[in-house]
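In the block that follows, a single chain appears as structure tokens, in the form predicted on its own.
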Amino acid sequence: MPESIGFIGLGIMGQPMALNLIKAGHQLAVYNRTAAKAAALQAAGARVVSSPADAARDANVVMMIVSDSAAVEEVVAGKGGILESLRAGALVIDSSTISPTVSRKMACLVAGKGASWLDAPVTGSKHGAEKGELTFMMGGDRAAFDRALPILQVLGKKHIYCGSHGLGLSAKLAQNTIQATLLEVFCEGFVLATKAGVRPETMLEIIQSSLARAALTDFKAPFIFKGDFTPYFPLKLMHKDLELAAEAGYAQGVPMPALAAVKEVYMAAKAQGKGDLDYAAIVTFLEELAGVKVRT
């Protein structure tokens, strides 16, 4: 059944997600801080509005995917935020990757308006968003999860309920810790092999024939070999997620020595001006130190 949806955030992930909702027959009011990014949605039939409050005003469901915790707080509680117009009984789905603590605070503010909040971060990158094949990790009331499911089935192939508010985000931070570390170690190994004289394609064949094979590196290797770092997921956002994971580890008394080291590699690459490239561009930081390029 078509829903009236306010959609906030039209970046690399948000734009294709919003387009898929329109294609499925939902009525969208869209807002993006940079208005030019809304042009494709307007052409597809969305109503472009001038604030998050306007996006939420006539919506039964509000969905957002923005860059960080500060952006979510601004969208929800800032001037022109959704709290100014949010309907009682509305459902807010936040697919941003932010601090679980901040998310729980937003859930309380939204509850004060008689609405429901679901943290629903995603994995699957740009291509998953375009194909409607994302994986959602969700935290909140089970009733909110059940209500969101028909909408999220348009956007993803897997919808995993993790428990109470914030647990979807806790799962996402753990997942990105593993993903970012896996790619960094892959890059270290390939820089080592290439420096020794092993061809990258030969090394990939070896990895793919061993227990070290991973879907992530199967996907990223061709881009690394071509030196193509067009962003599917920007390096600066991966670094932000690793910072959040480190904060969560500290708060919960969880030692994370590998994360501590890998986070600094992403930080160094970001400091070199590579933050807007795909996070696989961390290989270039290692290449520059070693004086070799992992290219076919």
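Note that residue numbering follows the sequence shown and begins at 1. None of the values given here were measured: they were computed from a predicted structure.
Heads up, the form predicted in complex with a small molecule isn't pictured, but that's what we're talking about next.
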Checklist entry - Does each of T177, L182 and A260 have at least one heavy atom within 4.5 Å of the small molecule in the predicted bound form? => result no
Next on the checklist: By the heavy atom within 4.5 Å rule, which residue out of A144, C162, A71, A221 makes contact with the small molecule in the predicted bound form?
Outcome noted: A71
Item to check | The single option of L41, I65, A59, A245 touching the small molecule in the predicted bound form, heavy atom within 4.5 Å | outcome: I65
Checklist entry - Is F229 close enough to touch the small molecule in the predicted bound form, meaning at least one heavy atom pair within 4.5 Å? => result no
Next on the checklist: Since only the chain is shown here, I'm wondering whether L118 would be in contact with the small molecule in the predicted bound form (any heavy atom pair within 4.5 Å).
Outcome noted: no
Checklist entry - Is S50 one of the residues lying within 4.5 Å of the small molecule in the predicted bound form, judged by heavy atom distances? => result no
Next on the checklist: Quick check on G275: any heavy atom within 4.5 Å of the small molecule in the predicted bound form?
Outcome noted: no
Checklist entry - Thinking of the small molecule in the predicted bound form, which stretch from 91-99, 208-216, 152-160, 184-192 has heavy atoms inside 4.5 Å of it? => result 91-99
